[in-house]
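One chain comes next, on its own, written as structure tokens: the form predicted on its own.
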């Protein structure tokens, strides 16, 4: 088996449609049709059910790519202490994450059916897996386990709240169950980042900068934010449990607000043109 497997060669059947990340985000069904960037996703809003189904499909393909990424980290690096090697215990954590992600894929398929959608109704962006292709294993941990699994914490919490509002105990229970796993995955990334870079502050800085780049790209043009009415709200308490401090969470919130304001400004110019 080759190392550093490229995203273009991921195995998919003909149900899957690969699209750029921008096209996936801009799909009008993705977060409801009624002023999506300023409204919390609710069953009663126009386009709300479509938005929830789209988010569920995004969770599904994200879980596949998280499984593939964790599996690659188990394979791509030798066990050791050099810069591009990893401790054997880290490989064990990634193997445990593979087990969790495979279970999440199965749960997400059943939830998609439960919510009235099917595989391929929405496009798949390969950005999560691309972050898992970084040749530095520590940047993989910050890009995937801290940035994108951190996003999963926010998304799962938002979907759990949607299930509560909708009176859907199946959706609420499943999202709560997977949310607990995501907190564990993010905490693994936080713990290993601090342990491996304990004596290498420059490498830690590089890794955290990469994480911030990924977080900015996945602010969804302001769809994720710290406001109570954000479609995907930052789950501060769960992020704290996963190893984020207040300063880190505040930075994510500030970047999300900046992206939201930039998007609003561009839309305002477009509307007046």
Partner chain sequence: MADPKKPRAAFAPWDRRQLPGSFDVEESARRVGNYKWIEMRLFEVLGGWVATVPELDVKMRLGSHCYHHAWHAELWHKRLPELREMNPERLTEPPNDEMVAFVDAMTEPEAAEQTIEKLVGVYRVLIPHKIAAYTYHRNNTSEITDAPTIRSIDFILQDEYADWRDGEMMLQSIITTPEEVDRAAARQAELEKLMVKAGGITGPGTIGDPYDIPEQ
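Residue numbers count along the first chain shown, from 1. Keep in mind it's a predicted model, so treat the numbers as computed, not measured.
Keep in mind that the form predicted together with the partner chain is missing from the display, and what follows is about it.
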property: Sole residue of 96, 203, 195, 110 within 4.5 Å of the partner chain in the predicted bound form, by heavy atom; result: 96
property: Contact residue in the predicted bound form, from 170, 165, 180, 92 (heavy atom within 4.5 Å of the partner chain); result: 92
property: Interface stretch in the predicted bound form with the partner chain - options 57 to 65, 203 to 211, 223 to 231, 239 to 247, non-hydrogen atom within 4.5 Å; result: 57 to 65
property: Candidate spot 157, 251 and 260, all three touching the partner chain in the predicted bound form (heavy atom, 4.5 Å); result: no
property: 4.5 angstroms heavy atom contact with the partner chain in the predicted bound form for residue 106; result: yes
property: In the predicted bound form, residue 17 touching the partner chain (heavy atom, 4.5 Å); result: no
property: Distance check, residue 72 to the partner chain in the predicted bound form, heavy atom within 4.5 Å; result: yes
property: 4.5 angstroms heavy atom contact with the partner chain in the predicted bound form for residue 10; result: yes
